[in-house]
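Okay, so here's just one chain, in structure tokens, the form predicted on its own.
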């Protein structure tokens, strides 16, 4: 059953050095505040997982939290590259970063396999790409019924999955709606899970298209209004496009990035979501 905690308490209790950590969200509901709390608490040697790592992963990598990244696309959405990610891959700064690249379909199927308790997923993906030659976790497999050549990818079972949602009730049931990615599957696949929410309410009123993660599927819930900023939370906040634009310049330079990190994340009195 989910326990209500502060964000700092939840990260302290759930995220450990060396863990495999997935911070999932797609376009909106990206758990930026939780990612920055992981940085503040100095976690190291993490294997970060996400279908579409964006600026919060750039921040985690630049802060030295990551040892490996498992992903299918990475970038500053609508702007350009992730410069701290590039620096880590190309120049091992602030530390070497191992990468494991998949397709979107491959990553989604890996989460589904993990959530289903299966060891791997099978799909018709990767045909015509060189990912099979570059990524050890992509293997050909022959269908025992038709003889068709398919592709197998191993399940993802994060030690911790972190997502942001609109709200939860006091029993720890979580309600999320709008544009969804693989948040549900990522939570169900994980050993432990943390959900930050815009608000905690007495009762979850029905919302068209919403899904509910039951309290037994969630380890901890933390109330963090604005916890998805600079992404948005549908019906609660707007996307901060200026932040994404500004990040391109901030992240290009190591010294400027380090100064930004000190002022906006590590200095808790001045940290911004």
Partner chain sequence: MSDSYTSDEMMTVAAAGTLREGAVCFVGIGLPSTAANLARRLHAPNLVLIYEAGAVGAKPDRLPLSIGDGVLGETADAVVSVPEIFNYWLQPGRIDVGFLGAAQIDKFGNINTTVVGDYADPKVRLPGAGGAPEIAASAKEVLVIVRQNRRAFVEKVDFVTSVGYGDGAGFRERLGLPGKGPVKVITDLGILEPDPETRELTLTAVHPGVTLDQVKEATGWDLAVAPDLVTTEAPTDEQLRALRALKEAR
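Since this is a predicted model, take the numbers as computed values, not measurements. Numbering follows the first chain given and starts at 1.
Absent from the display: the form predicted together with its partner chain. The rest refers to it.
Its partner chain in the predicted complex is approached by residue 72, whose closest heavy atom lies within 4.5 angstroms of it. Its partner chain in the predicted complex is not approached by residue 198, whose heavy atoms all lie more than 4.5 angstroms from it. Using a 4.5 angstroms threshold between heavy atoms, residue 178 counts as touching its partner chain in the predicted complex. Proximity of residue 27 to its partner chain in the predicted complex falls within the 4.5 Å heavy atom cutoff.
Heavy atoms within 4.5 Å of its partner chain in the predicted complex belong, among the stretches 154 to 162, 79 to 87, 167 to 175, 189 to 197, to residues of 79 to 87. Relative to its partner chain in the predicted complex, residues 204, 212 and 219 are all farther than 4.5 Å at every heavy atom.
Comment: its partner chain is not present in this chain, but in the predicted complex one of 128, 147, 119, 96 has a heavy atom within 4.5 Å of it, namely 128. In the predicted complex, the residues of 101 to 138 lying within 4.5 Å of its partner chain by at least one heavy atom are, in order, 101, 102, 103, 104, 105, 108, 109, 112, 123, 124, 125, 126, 127, 128, 129, 130, 131, 134.
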